[in-house]
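Taken one at a time, structure 1 and structure 2 that follow are two forms of one protein chain, written as structure tokens.
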Structure 1
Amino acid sequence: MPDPTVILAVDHLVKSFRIHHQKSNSLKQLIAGRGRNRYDDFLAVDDVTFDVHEGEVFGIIGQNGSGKSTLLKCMAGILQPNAGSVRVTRRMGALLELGAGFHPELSGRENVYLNAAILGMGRKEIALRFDEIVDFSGLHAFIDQPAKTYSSGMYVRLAFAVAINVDPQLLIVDEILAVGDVSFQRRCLEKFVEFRNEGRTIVLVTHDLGSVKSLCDRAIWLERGKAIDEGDPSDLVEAYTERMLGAEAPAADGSVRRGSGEIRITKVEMFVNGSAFAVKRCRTNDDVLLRLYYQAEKTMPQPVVGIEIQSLGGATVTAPNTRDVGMVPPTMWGSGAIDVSLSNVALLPGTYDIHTTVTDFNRALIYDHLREALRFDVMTGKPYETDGVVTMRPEWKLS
């Protein structure tokens, strides 16, 4: 008797692709009966089993090519598995890889109808929701243009608008947060949270490990088509990050460096109140400038640079990065410096560490992670508070 709370059951799913090799014209091979129809079967999804329960947010993580998108396409019925099964007991909304489910020659409008129909919505029902779909997508002016003229961001907006407006009880989403612009990403996140609070179920594939930790109740980790681990998202993300980062390499100055190394932060310097001399201390309310020197071995596209300020062995006080503020350069190469200015520093007296990170745009590949790039002290300034890490600059009023 199946568990009624399970609304998606993936059972020993296998999906392989036939990879054809170049035909050989060699006479010897032809005579030998070889050289024709040579192929290998490549297992993209290799015997994967898991259940998703009603109301869960379920994450799927794994490196590029590990089979996540293929798995989702099997779940959405776009690909036929070779073996095993997928059982879905609720209406599903699917937002698959860019391109899947949309026809480039058809207009946005026609694609809305086509897509909603694939997801099981009748024509009348679609017509009733059409305006809402277009509103959510924000593509009013482009809705009668062919989809092939859309940018990837526009495309995702429309696909997402359809997926959520078919009123799905189960929403499956493949790596969407990386594509849209910041305001759209925020609306998607709000929608996810709203869906989750309404008790709907979400299956989320993403390289954004932060959102796996903050959004998901459970997750699996795919590697070369196999589910190698399943469980609590924080534990899973931690184990996954450890694996991706590889071994730690301690440096002479006590800092610890990890990452693949295409770009490195070689040094971090701190300047206070416009002075040209690098120092390692400041006061509360000083204007601080951090200069991150970098060295890129090759030209790397869209690197994201981040810093983390941590109180000595304690809490992360802040962890800004260039992607959050839309300041990602198209490429980075050679050497140079990046300045981060922090005016009227709110840190209270104590010792702090700065860690730096350089990643790819999805923040999945870590080029460089330097812990304790700079350790500095904050001395008493204004305002002064006996305890705590930051000041909120309180104004007290006695009445």
Structure 2
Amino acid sequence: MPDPTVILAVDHLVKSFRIHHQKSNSLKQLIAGRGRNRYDDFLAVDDVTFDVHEGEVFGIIGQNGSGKSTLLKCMAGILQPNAGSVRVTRRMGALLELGAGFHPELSGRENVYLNAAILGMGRKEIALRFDEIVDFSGLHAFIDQPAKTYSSGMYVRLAFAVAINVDPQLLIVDEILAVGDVSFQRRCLEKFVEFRNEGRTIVLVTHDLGSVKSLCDRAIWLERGKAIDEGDPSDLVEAYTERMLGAEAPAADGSVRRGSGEIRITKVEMFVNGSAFAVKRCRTNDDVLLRLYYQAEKTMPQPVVGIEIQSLGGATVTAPNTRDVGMVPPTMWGSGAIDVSLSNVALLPGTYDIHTTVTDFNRALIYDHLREALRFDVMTGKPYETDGVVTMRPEWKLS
């Protein structure tokens, strides 16, 4: 008897495509070359099996060409598998590629009705939700303009607004949210959290490994069409990163570096309470400035710089990056420094490591990932707490 909590079941799915070595440009060439037009069968998805349970956020990771998008199209019914099956037991909304289902000559308004109808909504239901769709997209001024005049970001906003308003119990998303701006990405993230809190299910394909770790309950790793691992997202992302980039031998200071190397963080220094001298210790409640020195071998567009502060015991305290706050430069080249100001540091006494990361805007390509870029100690300050990792600065009142 099927598990009632499983709302998406992929069972031994196989999808292949025929790749011709020589293309016939005319009927004469086709007839004359009969029997000599060679082709290969390319296995895009090779015997993949997994279940997604109700209320889960399920991630799919892998390199370009690993079969992720093909798998999602089979799940959405756009492609028919050569073998195996997909069983879906709830209403599904899908965001599979930019502008899919949009007609460039139709207006945004007309495309809303067209897209929603494709996703299974009736005309009356669409009319009831139309204002909500436009409000979320933020395209009030452009809704009656032809879709061909829209930017890629406008396409994404309108397509996402439609998909989430068909009231899906299962939402399938393929990478396209990386096109949106920072404020739109934040709204999408809030919507994902809202959906999860409502018990809806999300299947997410993305190169943004940070999102996989923070959003997903489980994940699967595809490589050359095969599922080579499945399980906890953090463990999977760590293994995937190790495989894709490889780890260099530890340096004398204990740091370990990975990445393609176009941009590198060469040094990290810490300054406390406005001092001009770099130190490796501070106190709880101090004002701390972290200075990240970088070297870019060539001009790189829209790099994202991030830090992670981790306790010596392994717990991540915080992991901000420049994309989260809309501080992504158009380009980066040459050498320079990036300052990160941390006011009234809430860390409690202990030893901490700072790791740094530089990626492309979509956080798909890792230019540099430096573990243990700086190890520092926190001494007792105000408040005088000692247990835990951070202080919540409690105010006590006795009556």
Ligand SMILES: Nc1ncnc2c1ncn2[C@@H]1O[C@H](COP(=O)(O)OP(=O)(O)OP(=O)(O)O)[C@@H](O)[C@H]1O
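Residue 1 is the first residue of structure 1, and the numbers go on in sequence order from there. A quick note: this is a predicted structure, and the numbers were derived from the prediction, not measured. Think of the rigid core as the biggest set of C-alphas that the two forms share within 1.5 Å after superposition.
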I want to make sure I have the labels right. Is the form predicted together with the named molecule structure 1, or is it structure 2?
1
Is Glu56 one of the residues whose Cα moves 2 Å or more between structure 1 and structure 2, with the core superposed?
no
Phe192 C-alpha moves between structure 1 and structure 2 by 2 Å or more, core aligned:
no
Align on the rigid core first; then say whether the Cα of Ser234 has moved by at least 2 Å between structure 1 and structure 2.
no
Cα shift between structure 1 and structure 2 at Phe361, which is computed once both forms share a superposed rigid core (Å)
2.8
Rigid-core-superposed Cα shift at Leu289 between structure 1 and structure 2, Å:
8.9
